[in-house]
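Each of two forms of one protein chain follows alone as structure tokens, named structure 1 and structure 2.
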Structure 1
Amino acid sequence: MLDKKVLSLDELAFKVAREIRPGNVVAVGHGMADVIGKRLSSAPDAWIIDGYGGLISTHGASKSSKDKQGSSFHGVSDVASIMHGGHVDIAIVEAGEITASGDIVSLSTLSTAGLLAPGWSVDLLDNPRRVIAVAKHFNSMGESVLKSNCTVNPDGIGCVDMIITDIAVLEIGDNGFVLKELVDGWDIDDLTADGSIHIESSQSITDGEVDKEEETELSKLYDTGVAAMSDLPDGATVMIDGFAGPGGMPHYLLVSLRDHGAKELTIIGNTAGIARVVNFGTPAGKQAIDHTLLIDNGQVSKAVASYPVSPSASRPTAFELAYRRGDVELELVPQGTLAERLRSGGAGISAFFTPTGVGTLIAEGKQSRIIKGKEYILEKGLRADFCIIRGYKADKLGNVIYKGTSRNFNPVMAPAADITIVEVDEVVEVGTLEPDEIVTPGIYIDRIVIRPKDFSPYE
């Protein structure tokens, strides 16, 4: 077997790149996976998580390019949140062992089996949409990476979708391994010496390079706010940024949501419309645009908020009046707990314990636990169907920077929605924003709307 052709790392990288689609987020492991990740310049406008806090864009990249336009830097906790929160489309892990049911032991774990310290591999395999295992098909002792059972505790159970080795491409089907491609000169019987392992042949096994599907350019820019939320249904849950006053709110998107007309909405935000009554920074004779538009239009059935009421009893908010009439429901959440519930929702954390609210109405009906002699209550992560936020500037990939109070809740809201729409003053070319100034990376932004220059945030 030693004299037969095997694929180079560049050829392996090409086969991986074929699986990537515009906008995909690709997380790579250590070893061969990391080397392949650095060769994915042919991937179409994707993001590569490199394991060191880098979110590397392939936009405009080439093999000789050192300036990856659209890239940004993040801490380990942020990178872990991307992976655990379900934001990774493809995870690439160098495998030491793979079973027909899709169980995998990474090569790093297999090499240090006595330490039982899989670390990064377990994070990678936690919640991606697809897992591609890459490997040298045979180790130094001539043993195949394909196994009937893992010899050590696996890093992931039933999670592998595709296997790309230096001699073959296989998928995990309903009945086990399915051979899709085989390097010329090899035979299906060469793939494993274990007679208990069955490998099914695909109807058309290829040995050459398969042409990539024609890709269309990824565009996140919408002409109007109404167009950006045309598919927002009745009964949707919508996160709306903002802190207290009118600054940093998606005023144009709020007007667009009112004009769109979706009913029975659950809105999540720090407030439920107090900018109009507190008048922070509002010009004389004007009223700030806020959640009041949706309340007055009869579109809201429930609010999850920290400050849903006015600071003045003599000037109640529209939400307060609707609540007194019994038209809307309220879930009151302490502000710090709200921020953590949002962060948890985006990071794939279903619930957490906090001491905030113990012994108050906030704790009613919630599970409690004594930890180190102190009582804590269980709070659940928050997610939404849509999120509308205010940014200052975005590039065409959706990387966003903020000004002022826009930064309070936006960075934790954006990852916690299925579709996040950002309203900005300006959209710039990719590469204009410096990696260190990007706060919300484009992986979290699905749609971009430019606030019209003649639009006023006041009525």
Structure 2
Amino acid sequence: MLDKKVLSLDELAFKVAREIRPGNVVAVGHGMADVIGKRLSSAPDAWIIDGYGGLISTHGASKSSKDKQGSSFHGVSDVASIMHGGHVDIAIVEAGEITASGDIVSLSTLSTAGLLAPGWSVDLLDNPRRVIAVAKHFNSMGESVLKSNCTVNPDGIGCVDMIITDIAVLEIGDNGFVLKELVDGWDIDDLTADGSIHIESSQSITDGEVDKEEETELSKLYDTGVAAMSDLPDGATVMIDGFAGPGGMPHYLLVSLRDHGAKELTIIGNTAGIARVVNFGTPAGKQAIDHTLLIDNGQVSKAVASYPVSPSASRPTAFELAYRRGDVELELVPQGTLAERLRSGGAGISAFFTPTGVGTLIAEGKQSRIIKGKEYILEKGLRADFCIIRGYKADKLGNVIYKGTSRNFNPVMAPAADITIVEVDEVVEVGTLEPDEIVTPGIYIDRIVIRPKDFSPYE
């Protein structure tokens, strides 16, 4: 066996790269997965997230650019949010054991003397659209990575889709392992010493040479706000950023949403439109566009907000009047709880215990618990179908930076919606924004719209 050809790490990485589509977010685990992650530059326009907090864009890498333009750096907690929040398309994990039903023990878990320490593996395997296990087919004892049963508790159950080892490519089919490719000189019977493991042979076993697909250029840039939300349906839940005033509010997209006309919307935001009435954070003599636009147009059926109405009862907002008429519902949420619920929605947290609101009306009907002598209530994560936010600049990959206190809820909402649309002053070339400066990485931004030069946020 020892004299037969095995794939090099570069060849293995090539096979992994073949599986990656433009725009995919690829999370790599420890060891061989990490090494392969650093060799995926042939994967076009993908994002490679590693356990160190690097979110490496391969944009331009195929044009042999060395400084991976469009990349950004993040903390461990941001990496966890990306993995847990369902933002990963492909997870790559180095396997120690894999079964025919797709259970996997990562090599790190297997290599910690029974402590079963998984590093990132459990996080990686939880929520990606696809799992590719990479491995040396045989360990130093000559045992195959393909097992009839895991010898320890698996890190992921039934989650493996594809296995790429140094001698074969297999998929997990309905009846177990399906061999797709085999390195020259090896036989299907070599793949496992255990006769009880059945490996189905695919019709077209190749030695791995495949045609290169044509690269497709992805564009997140839309010509108009209305074009960017053409698929926003009636009844949608829409997050709308803004603290309260015009700073950080996506005015152009608000106008677009009015023109688009979707009805029965649930809007989530800090306010339900107060700037127009009280001139909050608005230059003297100006009247800012806000959520009022949608209320007046009869598009809103419910608001989730912390500061929904005017601070002054004598100057009611359009929302308050609609609320009194019974035209709209209101879910009132403390501001920090709102922020945390949005973060949870984007980070794969279903619910959390917060001390905010204990003993108040907000706590009614909610589970409570004393933890280390302090009382908390349970609040749930919040997601939306669409999110419209306001950035200062974006690059073409969707990396966004903000300005001053206009950051507020923008970076919190962006990961928490199925489709996030950002309105920016300017779209810059990839590589213009510093990797340490990017606040919202492009993986969270689906569509970009430039606020027209002649657009005024004031009425």
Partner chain sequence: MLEDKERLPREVVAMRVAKELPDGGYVNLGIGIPTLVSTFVSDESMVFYHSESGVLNCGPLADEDSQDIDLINAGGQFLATVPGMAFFSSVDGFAMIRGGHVDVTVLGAHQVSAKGDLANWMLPERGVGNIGGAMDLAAGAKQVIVAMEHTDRTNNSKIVDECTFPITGKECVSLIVTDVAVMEPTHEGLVLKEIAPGWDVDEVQSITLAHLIITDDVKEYEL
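Please note that residue numbering is based on structure 1, beginning with 1 at the start of its sequence. Because the structure is a prediction, the values reported are computed rather than measured. What we label the rigid core is the largest C-alpha set whose atoms superpose within 1.5 Å from one form to the other.
Comparing the two isolated copies of the chain, the first one is the form predicted on its own. With the core held fixed between structure 1 and structure 2, K372 has its Cα displaced by at least 2 Å. Once the rigid core is used as the reference frame, the Cα position of S406 differs between structure 1 and structure 2 by 2 Å or more.
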